[in-house]
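Next up: a single chain in structure tokens, the form predicted on its own.
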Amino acid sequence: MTIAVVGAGALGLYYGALLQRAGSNVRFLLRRDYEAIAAHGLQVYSTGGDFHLPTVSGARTPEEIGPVDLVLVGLKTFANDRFAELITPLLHGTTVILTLQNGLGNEEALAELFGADRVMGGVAYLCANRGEPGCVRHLGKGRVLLGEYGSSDTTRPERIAELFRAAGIDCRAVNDLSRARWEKLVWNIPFNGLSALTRCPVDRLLATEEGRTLVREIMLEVIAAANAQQLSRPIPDTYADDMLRFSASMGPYRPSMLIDREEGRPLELASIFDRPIERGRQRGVPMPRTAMLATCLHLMTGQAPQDA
């Protein structure tokens, strides 16, 4: 299978490297890493074992890559206005587009441009950061949940999941993609938001009873909004406690939104905050703590809130 990675940040580089190592023909759309990877290949430092790919197919434009079988989208969601420019040259008649982006609204945006039948969505629980150009650092975990957005082909998610598993990625197909997305928001909203606002890594957010209580209260708001979305089954409140226990093992992990703030990039506020808050409001579920956190982040960055 020929795969294009659009959005070669930590997620795209790490999963793309694993897929290439397992035998897939992977082509990376690169920006800052282009020269380093062209000269020295791609280095992965991983809790599962370091490895180096001496030869990597990298391109500066999608036209250099050409049509592929699978487009793996790892773009930051503030760059979704570039979907048409970056993805159109990669498509042939049966190309599948799989977004592993954060938050809500990504599948809808892709479907509007390219048709719902092409689109799949995935949720990646991955602790990874970019290193120096040409390097990615995998710090732990890596589970992927993926599902269909608009296609009636119920076998396709399992076929893609098997491709990921063959590359050593913990991956499974799910029937309810919306539920999987909201489950990740239970973690993303409090930890990404509070870390970006306070510049505190995960362990410092959980270092006091007051911090843990605030994180849990935000999680419960997200769970309540999720359960109003007609999911296949509700997310139990105990999921918040599961996420707190999981997070306590992460140590001084710096969530992606904190890194984006430190490096002067926009934050993924529309997909991770604005749309979930609005979808909760539409279902009559207020999210006051989440909304206050979102307001603080918008004020801090100067980014205008977006509609759901």
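Residue numbers run from 1 along the displayed sequence. Note that the coordinates shown come from a computational prediction; the quantities given were computed from them, not determined experimentally.
Only in words, not in the display: the form predicted in complex with another copy of the chain, which the text now covers.
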Would you mind picking the one in 237, 81, 112, 210 that has a heavy atom within 4.5 Å of another copy of the chain in the predicted complex?
210
Checked 91, 205, 139, 220 for heavy atoms within 4.5 Å of another copy of the chain in the predicted complex; positive is 205
Residue 296: heavy atom within 4.5 Å of another copy of the chain in the predicted complex?
yes
In the predicted complex, is there a heavy atom of another copy of the chain that lies within 4.5 Å of any heavy atom of residue 289, even though the partner is absent here?
yes
Indicate whether residue 214 is a 4.5 Å heavy atom neighbour of another copy of the chain in the predicted complex.
yes
Given that another copy of the chain is not shown alongside this chain, does residue 197 nevertheless sit within 4.5 Å of it in the predicted complex, heavy atom to heavy atom?
yes
Pick from 222 to 230, 189 to 197, 70 to 78, 139 to 147: which stretch has a heavy atom within 4.5 Å of another copy of the chain in the predicted complex?
189 to 197
Non-hydrogen atom within 4.5 Å of another copy of the chain in the predicted complex for each of 261, 300 and 305
yes
